[in-house]
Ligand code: PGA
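What follows is a single chain, given as structure tokens, in the form predicted alone.
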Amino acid sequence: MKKLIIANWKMQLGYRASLDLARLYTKQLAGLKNEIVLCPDYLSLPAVSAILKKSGLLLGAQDSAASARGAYTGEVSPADLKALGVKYVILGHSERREHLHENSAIINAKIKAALAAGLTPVLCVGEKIAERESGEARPYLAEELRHALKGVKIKRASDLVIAYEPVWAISTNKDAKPIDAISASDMLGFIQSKAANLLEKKPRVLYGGSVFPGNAADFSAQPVIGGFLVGGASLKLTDFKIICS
């Protein structure tokens, strides 16, 4: 089965740099066996969408609004993202939870709006170091899933993706400590099982948390790991190509 590999460029690149990297992606990554998704910043989305056409690479967004239309200054409609050619949308990322104070109720509404627009949400969940050290990681993740997926209905398992990003392991955390592939697989199995109970479908589960060329193969070898959500390493074409391969 193909792995789903999502590049989250965050707000790391300027407009021209995003377009230049997208062009390199189409030359270097097209034709690889795995499903590859690029998530540039909002400003770059239309131009990147044009660049990716006929390349086989897919377009993703880093967030979307909780409503299709309305007086929501600064928000971007999931319906407009769909019309632009976006397939996947990242929701509930730990950086938005921390810096923009997004809670599970907001994330839940965004998931429902994205599904209604025909987008595939990529729900991010992950515990902090406090939950890990106290042994409360699994109850914490179960609660995140329960609140974020409350009332969510999907027709097919492929309609929603879950990405496990332990906050203590992501590369932007200066105290990040890598997780081994077996431990990651164990947690993803738990997450998939809990999500399947809530959704009545077994969604694909991805791992995100300091994925780089040196550990990607070990993670990929775990059957439950359906792919990766990649941050910093996706900005380095050589590294990302190894991960995608």
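Just count from 1 along the sequence shown to find any residue number. Just so we're clear, the structure is a prediction, and the values are computed from it rather than from any experiment.
There is another form of the same protein, the form predicted in complex with the named molecule; it is not shown, and what comes next is about it.
Hey, in the predicted complex, does Ser67 get a heavy atom within 4.5 angstroms of the named molecule?
So Ser67 does not count as contacting the named molecule.
According to a 4.5 angstroms non-hydrogen atom cut-off, is Ile162 in contact with the named molecule in the predicted complex?
So Ile162 does not count as contacting the named molecule.
Taking the named molecule as it sits in the predicted complex, is Glu95 near enough to touch it, meaning that at least one heavy atom pair lies within 4.5 angstroms?
Yes.
Should Gly226 be classed as touching the named molecule in the predicted complex when contacts are defined as heavy atoms within 4.5 Å?
So Gly226 does not count as contacting the named molecule.
Based on heavy atom distances of 4.5 Å or less, which listed stretch (206-214, 193-201, 25-33, 50-58) is in contact with the named molecule in the predicted complex?
Among the candidates, contact is made by 206-214.
Is the named molecule in the predicted complex near all of Ile5, Leu38 and Lys241, within 4.5 Å of a heavy atom of each?
Checked in the predicted complex: no contact with the named molecule for any of the three.
Within 4.5 Å of the named molecule in the predicted complex, heavy atoms considered, which of Leu141, Val89, Ala169, Ile107?
Flagged contact: Ala169.
Let me know which residues along 211-241 have a heavy atom within 4.5 Å of the named molecule in the predicted complex, or say none if there are none.
The stretch 211-241, when checked against the named molecule in the predicted complex, contributes Val211, Leu229, Val230, Gly231, Gly232 at the 4.5 Å heavy-atom cut-off.
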